[in-house]
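Encoded as structure tokens, the following chain is the form predicted on its own, with no partner shown.
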């Protein structure tokens, strides 16, 4: 993979150049130390976070609420997006974008709204150096550093950053800033490799007790009737927080709304945690009971999605663990059903 070196000061120059092309979003820490994503125009700085942001990148491409049609009308509802760059996509978020791309850009139908935003985006990944205790990316085949799915990837080392080129779009951007990007030396690459090994060892160590005996699909194949489901669902309040904060969940609801002499069709996020989600005409519901919906989330992440796309729809980011008011830890649930 093509690699360059960017000094700290040259990174600032690069961000200023990006801002002339469109909107720029960077990771930033708040007063409590939490990592978020904010417009560069507000921060004027980029703080290498060393960990994924508390919010996923999903809303940049798949809006929580948007108008997708108006009728009667002859105009296209798809509005041209402004180019934008996101700096700070961790390995788990890059895998999430890959999952969303599979759903919205492949197959018989494409989502034109999602496609428009993806085409206008520049994704700059980062390597994690300070994983949270809830991170378990290594258990689902994701590394705590940017492997693929990015245009450019940043790795913090002494005096600056190793910059990896991950796409043709990234290569063009580097080519337009030749004065900033210097060739990466063997010492730079050695530092990069050292950072990656250290972080990977940290995540593997804290995830070791949750590692399954086989594949997740083999675990799920024999776990549906396990008693562990009943035990772990007891504190679930059906709020949907785990699914709304999940970077790969893509369920949505379409509904119509009347405005004066026209109708608008709106698309909004929905979740399979809600009882009404699977209900069909006549009132029948294949997942009427909470425990069935609870199981469905795990089977979708670790079985159904894998059968379609050959990787899990869980990225190991741990956001669902942090967001759950019932203190349900996905790793512990999986650990218990693994004992079956």
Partner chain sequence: MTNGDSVRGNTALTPLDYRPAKMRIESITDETSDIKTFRLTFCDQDQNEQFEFRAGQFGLYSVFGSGEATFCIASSPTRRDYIECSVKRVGRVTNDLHECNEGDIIGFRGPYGNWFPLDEMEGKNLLFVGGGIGLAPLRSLIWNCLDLRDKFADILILYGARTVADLVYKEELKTWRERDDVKTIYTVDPGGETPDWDGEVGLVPVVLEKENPSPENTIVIACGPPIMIKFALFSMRKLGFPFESVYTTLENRMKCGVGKCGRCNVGNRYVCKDGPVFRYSDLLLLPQEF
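Keep in mind that this is a model prediction, so the values were computed, not measured. Residue numbers count along the first chain shown, from 1.
If you look for the form predicted in complex with the partner chain, you will not find it shown, but the lines that follow are about it.
Trainee: Pick from 202, 253, 236, 174: which has a non-hydrogen atom within 4.5 Å of the partner chain in the predicted complex?
Mentor: Contact residue from the list: 253.
Trainee: So the partner chain isn't shown here. In the predicted complex, which residue out of 228, 157, 103, 245 has a non-hydrogen atom within 4.5 Å of it?
Mentor: Exactly one listed residue reaches within 4.5 Å, namely 103.
Trainee: Would you classify residue 84 as touching the partner chain in the predicted complex, given a 4.5 Å non-hydrogen atom cut-off?
Mentor: Contact with the partner chain, no.
Trainee: Does any part of residue 267 reach within 4.5 Å of the partner chain in the predicted complex? Heavy atoms only, please.
Mentor: Yes, contact at 4.5 Å.
Trainee: Would residue 110 count as a contact of the partner chain in the predicted complex, using a 4.5 angstroms cut-off between non-hydrogen atoms?
Mentor: Residue-level check for residue 110: yes, a contact with the partner chain.
Trainee: Residue-level question: is residue 44 within 4.5 Å of the partner chain in the predicted complex, judged on heavy atoms?
Mentor: Taking the distances in the predicted complex, the answer for residue 44 is no, it never comes within 4.5 Å of the partner chain.
Trainee: Quick one: find which of 280 to 288, 310 to 318, 22 to 30, 36 to 44 has residues within 4.5 Å of the partner chain in the predicted complex by heavy atom distance.
Mentor: Within 4.5 Å of the partner lies stretch 280 to 288.
Trainee: Is the partner chain close enough to 5, 9 and 185 in the predicted complex that each of the three has a heavy atom within 4.5 Å of it?
Mentor: Checking in the predicted complex: none of 5, 9 and 185 is within 4.5 Å of the partner chain.
Trainee: Within 4.5 Å of the partner chain in the predicted complex, which residues of 50 to 84 have a heavy atom? Give them in sequence order, or say none.
Mentor: Result: 68, 69, 70, 71, 72, 73, 74, 75, 76, 77.
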